[in-house]
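Consider the single chain below, provided in structure tokens and representing the form predicted alone.
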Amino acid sequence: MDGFLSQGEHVVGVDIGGTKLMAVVYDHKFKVKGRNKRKSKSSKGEPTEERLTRTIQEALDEAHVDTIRGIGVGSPGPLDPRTGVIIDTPNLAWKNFPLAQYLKKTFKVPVVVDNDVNVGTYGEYRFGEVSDCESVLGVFPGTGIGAGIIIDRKVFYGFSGAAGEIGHMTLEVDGPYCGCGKRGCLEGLASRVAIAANVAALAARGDAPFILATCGTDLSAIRSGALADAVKAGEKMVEGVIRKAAYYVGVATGNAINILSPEAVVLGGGLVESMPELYLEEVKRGIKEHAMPFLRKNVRIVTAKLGDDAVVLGAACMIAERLGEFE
């Protein structure tokens, strides 16, 4: 994937997460030249934006690159992709923070900031298994559940700029409360947090001894890897909880297929990476039962291939493509 940059030019892709910051320097062919990664939060109280600046600079130092054309960033929302303002990210202590402006002033280059799920979906679309498609739906279950939408080879933002909140599709009108305050959202039923809460209850009553021994009943300890290990250890009730959650994701994805009619669906995130076969099986079942046959026909359902690099690659490609807008 080249053509946006000339030989000798470089861009930086940045992934801002609740737990990690990562910056990668790419050349004109999107080959990695330098990489740096650190925890998002500092034990010494260093502001996130200062840690981000150091992360980018150290990636540039490793790449032995002094001049870059631009920086692309994938960040948790809510944010405004048109202005690059982070509206509210409690985990990073940013509220109405002008991230694009801050990085532009610091590094003296154009900056694009977008939602991390949009950027991850775009990375998979550009460099993953579905690069030959014109319309792609990316669904990423994790602590929350987000979606990215590619239509006519472009990210679809909608009127608000925040299209893709599949995690807040209502699946059970009287279902459990979601973090957004509504009841019965996909996120409240099928996120890793929802899975962990159900699995912790199993552990507390003795129905998940592996989880109880390795994680206790602490929701923050019951992460994707631990859940996958529990399934491998033969904990059928834990597997049942995960399968039900993945099926809910399939139901929501099937509904989205009915509306968007994409060529392909890409499933990513920690839960999918840890248990790809199990997860894909249940999502496909949910889609088969809830998407209209004509609309789901020939739709490719695949797992993400880029792992941790989806966001940085997508962000780097976004800024490379949009450099002309800043000239």
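Note that residue numbering follows the sequence shown and begins at 1. Just so you know, these numbers come straight off a predicted model, no measurement behind them.
Another form, the form predicted in complex with a further copy of the same chain, is not on view; read the next lines as being about it.
Remark: all three candidate residues (L260, E289 and M292) come within 4.5 Å of a further copy of the same chain in the model of the complex, counting heavy atoms only. Contact annotation for E165: at least one heavy atom lies within 4.5 Å of a further copy of the same chain in the model of the complex. A residue is said to contact a partner when one of its heavy atoms sits within 4.5 Å of a partner heavy atom; M169 meets this definition for a further copy of the same chain in the model of the complex.
Although the partner is absent here, K182 is a contact residue: one of its heavy atoms lies within 4.5 angstroms of a further copy of the same chain in the model of the complex. Contact annotation for S43: none of its heavy atoms lies within 4.5 Å of a further copy of the same chain in the model of the complex.
Contact annotation: a further copy of the same chain lies within 4.5 Å of heavy atoms from the stretch 154-162 in the model of the complex, the single such stretch among 111-119, 90-98, 234-242, 154-162. Residue I149 is the only one of A246, L103, I86, I149 with a heavy atom lying within 4.5 Å of a further copy of the same chain in the model of the complex.
Checked against a further copy of the same chain in the model of the complex, the candidates V251, I195, V130, L227 yield a single residue with a heavy atom inside 4.5 Å, and that residue is V251.
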